[in-house]
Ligand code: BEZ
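Just one chain is shown here, as structure tokens, and it is the form predicted on its own.
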């Protein structure tokens, strides 16, 4: 089951994804004239920031809708799966924010990144890690169990531990400088219903409009006691995996 993205809605209601990437951009420490691949570029918001630094940007995403948004922002972008990269020693850095956990063949991703980098190049990324949105995932599974008419649910996410992903990187040939799992409770200003509409669209692709509304309302009701407060609004239980690894010279 694939995720269908609405780039316009993403740009309106999921701005927190790029807004929370400052530490990752600092870890990348991009320099002018560096050639950088933005892997899973989304709507191109972060690619624009890197391009404004003078970097030579190439961006890829598996969603044509997202790619079109990036193109409209002046980014060189292509619709391409991160599991099937075909670059050879072209980039000083590969950068990825909040995208790798959508790619269910991580060994293929890591190998493709390794081949895409020049010797000495770096792979800098942040993704969902072990325990990410665990409460939300439990709620989605519970609602599907309560509604067999919705069909069978298959999660599209890959949330590894630091140890698991480090092993993938080392096996591919990388030298890992740092890798850490970070708890990051994240405010969902647009509300959990909008979050589900954007990030759990895969769960409702086979449902009719009435069932989609029923699903979203049921998941929101399940989550409200644990993730919502009148003081703070909706706070999602995010856990991020952030790392920097180098291809040996």
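Numbering follows the first chain given and starts at 1. Every value quoted in this text rests on a predicted model; they were computed, and no experiment measured them.
Keep in mind that the form predicted together with the named molecule is not shown, yet the notes after this line are about it.
Student: Taking 4.5 Å between heavy atoms as the contact cutoff, choose which of 165, 91, 174, 159 touches the named molecule in the predicted bound form.
Tutor: When the named molecule is considered in the predicted bound form, the option within 4.5 Å is 159.
Student: Which residue among 133, 109, 143, 75 has a heavy atom within 4.5 angstroms of the named molecule in the predicted bound form?
Tutor: Of 133, 109, 143, 75, the residue with a heavy atom within 4.5 Å of the named molecule in the predicted bound form is 133.
Student: Taking the named molecule in the predicted bound form, would 115, 118 and 246 all count as contacting it (heavy atom within 4.5 Å)?
Tutor: No.
Student: Can you tell me if residue 122 lies within 4.5 angstroms of the named molecule in the predicted bound form, counting non-hydrogen atoms only?
Tutor: No - in the predicted bound form, heavy atoms of residue 122 and the named molecule never come within 4.5 Å of each other.
Student: Is residue 98 near the named molecule? Define near as a heavy atom within 4.5 Å, in the predicted bound form.
Tutor: Flag for residue 98 set to yes.
Student: Report the stretch among 191-199, 34-42, 216-224, 51-59 that approaches the named molecule in the predicted bound form to within 4.5 Å, counting heavy atoms only.
Tutor: Contact-bearing stretch, as computed: 191-199.
Student: Pick out the residues of 222-246 whose heavy atoms come within 4.5 Å of the named molecule in the predicted bound form.
Tutor: Going through 222-246 in order - heavy atoms within 4.5 Å of the named molecule in the predicted bound form - the hits are 238, 240.
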